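Next up: just one chain, as structure tokens, the form predicted alone.
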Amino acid sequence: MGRPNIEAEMTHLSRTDSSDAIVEALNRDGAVIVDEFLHSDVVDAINVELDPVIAAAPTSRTFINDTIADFFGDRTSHVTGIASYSPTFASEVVCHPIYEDVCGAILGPSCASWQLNVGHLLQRGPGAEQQFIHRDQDVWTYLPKPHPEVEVASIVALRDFSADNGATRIALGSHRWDPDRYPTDDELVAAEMAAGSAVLYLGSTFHAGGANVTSDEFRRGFHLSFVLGWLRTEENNVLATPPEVASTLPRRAQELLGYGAHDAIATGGGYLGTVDVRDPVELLANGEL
């Protein structure tokens, strides 16, 4: 793959801009960068909490299959279930008000509630090759086509992202492409951004982690996405963040981590994810889980 396209520009907004503006950019371009998405003290706290976990994470590890191993590559440290390691991540990021507003606008029409799909950290080291270009929503390959948006995803920078150190590459507008169209390399735009910023994108938008062609920079960030509350998530968040850890987190974080039932009774649907036909988040609050 060649050098990322840095002539085309992604829309940059700020955390102080309205959620309506962020949603508008997402619907128009399929992706948007929110500068200073996290305050610097939150970024610092998350890095401190995760530093020892990252240091212990091998770059070569076992995955569910060889295709996934090739996807992440052998120059990437990968930490899953980060809500169980970083209480700051669970309280300040998973529950971020911008995610709440954006998910409400994009996912809300298709579900009674949304949930965390996956929250994992990726540190791409020097020599890491570009990922293959993909749409995140394709993990749910059995969904009928076409279908409404099912996922709101993001990459949040914990260190500065540049075209050279592997910034995420986005095919702007690809969420509106015909099903048989695939991006060419020159259609990809590097999401260059400072630590604490985030690129939000739709599950239907083509993208890839870029190649790290530096000799000494480690591109650190986390991928966090939300999906419809009735979809099976990529990561089993209840096992990744078990009750003894989840019980220490804010209730909203517990709900998003999968301890909240998907209750669509009020809109003529049913309920999903109960325990003894009760909402698990209530059982957790009562010390019954």
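Keep in mind the model is a prediction, meaning the values are calculated, not measured. Position 1 is the first residue in the sequence shown; the rest follow in order.
Quick note: we don't show the form predicted in complex with a small molecule, though the next part is all about it.
Figure note: of the listed segments 85-93, 141-149, 107-115, 121-129, the one touching the small molecule in the predicted bound form, with heavy atoms no more than 4.5 Å away, is 121-129. The closest non-hydrogen atom of His134 lies within 4.5 Å of the small molecule in the predicted bound form.
Of the heavy atoms in Phe71, some are within 4.5 Å of the small molecule in the predicted bound form.
When contacts are judged by a 4.5 Å heavy atom cut-off, His223 counts as touching the small molecule in the predicted bound form. Using a 4.5 angstroms threshold between heavy atoms, Ala198 stays clear of the small molecule in the predicted bound form. Contact with the small molecule in the predicted bound form, defined as a heavy atom within 4.5 Å, holds for exactly one of Leu202, Ile155, Val102, Ala171, namely Ile155.
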